[in-house]
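There is one chain below, alone, in structure tokens, taken in the form predicted alone.
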């Protein structure tokens, strides 16, 4: 069976390292990005099965990245991560097409369960 490809986009090296380690241990292929523009460019290739996307990144915000992908027909499912704890960000994420929303700080086992679920749908 071919390994699923996940793009992890977060400007925090701690978070990208933590998620890369956890996801690779779970058998996924992981690519990382640290700013919105890099995330947009990588994601528009369509080679990923899932994107884990931080909302607050340099360059483009996570929701701006989603908007650009949607305008170009990119349909890769996106789980938004955010340290912003307000209902508007959650609602905007879903309204723009995110399949899930996880608040920081998050629990790795829970996020991995969400990833497994999204990739099995």
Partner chain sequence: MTEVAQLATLIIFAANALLVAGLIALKTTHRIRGRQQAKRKRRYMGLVSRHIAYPNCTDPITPAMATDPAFLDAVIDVRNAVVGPEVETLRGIVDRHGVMAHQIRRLRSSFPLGRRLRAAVALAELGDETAAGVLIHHLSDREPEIRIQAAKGLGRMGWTPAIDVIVGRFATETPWVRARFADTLLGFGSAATWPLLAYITVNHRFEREGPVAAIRALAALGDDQATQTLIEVLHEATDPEVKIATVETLGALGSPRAVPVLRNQIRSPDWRIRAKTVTALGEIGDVGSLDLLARALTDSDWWVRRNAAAALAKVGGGVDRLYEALIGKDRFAADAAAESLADAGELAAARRRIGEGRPRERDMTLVGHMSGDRP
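Since we're looking at a predicted model, the values are computed, not measured. Residue numbers count along the first chain shown, from 1.
Just so it is clear, the following notes concern the form predicted together with its partner chain, a form of the same protein that is not shown.
Colleague: So, in the predicted complex, is residue 26 in contact with its partner chain at a 4.5 angstroms heavy atom limit?
Modeller: Flag for residue 26 set to yes.
Colleague: Does any part of residue 108 reach within 4.5 Å of its partner chain in the predicted complex? Heavy atoms only, please.
Modeller: Answer yes; at least one heavy atom of residue 108 falls within 4.5 Å of its partner chain in the predicted complex.
Colleague: So in the predicted complex, does any heavy atom of residue 99 sit within 4.5 Å of its partner chain?
Modeller: Residue 99: no contact with its partner chain in the predicted complex.
Colleague: Does at least one non-hydrogen atom of residue 112 fall within 4.5 angstroms of its partner chain in the predicted complex?
Modeller: Contact with its partner chain, yes.
Colleague: In sequence order, which positions of 7-28 have a non-hydrogen atom within 4.5 Å of its partner chain in the predicted complex?
Modeller: In sequence order, 13, 14, 15, 17, 18, 21, 22, 25, 26 come within 4.5 Å of the partner.
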